[in-house]
Ligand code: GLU
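Below, in structure tokens: the form predicted alone, a single chain.
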Amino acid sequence: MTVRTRMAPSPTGEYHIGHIRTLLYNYAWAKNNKGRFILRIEDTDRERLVEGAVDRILAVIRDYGLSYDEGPRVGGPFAPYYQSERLPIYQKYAKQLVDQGLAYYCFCSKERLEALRKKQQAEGKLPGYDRHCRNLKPAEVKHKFAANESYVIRLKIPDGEEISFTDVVMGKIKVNSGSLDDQILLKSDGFPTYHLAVVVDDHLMEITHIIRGNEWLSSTPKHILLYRAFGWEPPTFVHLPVFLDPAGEGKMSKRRGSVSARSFLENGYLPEAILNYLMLLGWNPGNDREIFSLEEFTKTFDLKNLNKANPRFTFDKLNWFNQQYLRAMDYENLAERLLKFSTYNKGEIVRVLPLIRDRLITLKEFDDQAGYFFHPPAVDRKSLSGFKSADRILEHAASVLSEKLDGKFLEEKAREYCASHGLKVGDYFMVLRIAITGRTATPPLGEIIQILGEAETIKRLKANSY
């Protein structure tokens, strides 16, 4: 059996960072087993469709360094891979279930269904369809067709039946059919619901493993019933833990801030660092190892090492991963990455990276961290006035550096000066640091003045001494 996994994004908005993790696991399991990874666009929710969303989803998948073997713009033996182009297929299978007596036409109006929902809520009942059209006589159905009444097709959920399946992560799941609604399979506009389309497509595209977030676990019994109705063997189900919000309780969601996959890239995180962090949010390698390349991960990934507990997404840990990757990059490669975020050219960036790289958390921070190398800082005189003899310190340092632009030479002369004038060496260099960079925390001052050069360094010292 060839392992075939899939991801089926819905173009109703921006791709969530959690979707990238799910896609990564599907990709890895297929590659680990020398199988195929399929991308399918679930664009049947026409009311929520967002123009351009497909292009953005495909672009962000590519920008994270991931790919697929079959799907949009790639093709494959089970095309088309857009559900909106597969309507006749879904209509055929929905009609088949009606003919088998396993589904039925429902002619209930929106008004009736809304009134039913309000009545059930008022009575403290869970909203659900009351099977009003489930036992219509063939003559009644024929009459309603003749009158051109709008209809949907619903699945006949069996009464009092235990539905069970085994999930790789969650284990044995049992549900009584009495808790399920007669779900809609085909809407009045001829488009399928998610439940019908996903089952039909996963079967026809020969998907062997359905790896998705555990928010879909409650829908799986409905899908099991559809597999039974069609007489198809269900694939292996793998429901992944979802991310918990870093700032509070509950699932990480769009309502609590920007969690789109694109936003992380725009904020200066490296895609390989993000992927590495996502690898470990729901899976563990069985040891303490944390750094994995994509290739290493695909070779190591095993479904048996998936976690059941929902992990908390934390920016502290993501920042740590990003720093590890930034520090491991050579200056040329890092400079290329920084061009998208910086106002400086590559030569300027490479010149200062030896002092800045290890201080960066994200690419977006570079210009702020390195700005004083390229522009004289705006120094607040109040920050210098708190130090004893600040002006004399600046004059002394300018004189020393005019003699020799060298950090060790400056330190030697500074200690002599401080000893003879009753000053603290730490205060001496803090005054210089503020005057030269406008900051109280920087890379070693001796290395900074080497990059700035004698003229610029002395100019800054004199500009801040009265």
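When you see a residue number, it is the position in the sequence shown, counting from 1. Small disclaimer: the values here were computed from a predicted structure and weren't measured.
Although it is not shown, the form predicted in complex with the named molecule is what the next lines describe.
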Quiz item: Taking 10, 194 and 198 as a possible spot, do all three reach the named molecule in the predicted complex with a heavy atom inside 4.5 Å?
Solution: yes
Exercise. Name the stretch, out of 210 to 218, 97 to 105, 160 to 168, 376 to 384, where some heavy atom lies within 4.5 Å of the named molecule in the predicted complex.
Key: 210 to 218
Quiz item: Does residue 45 reach the named molecule in the predicted complex, with heavy atoms at most 4.5 Å apart?
Solution: no
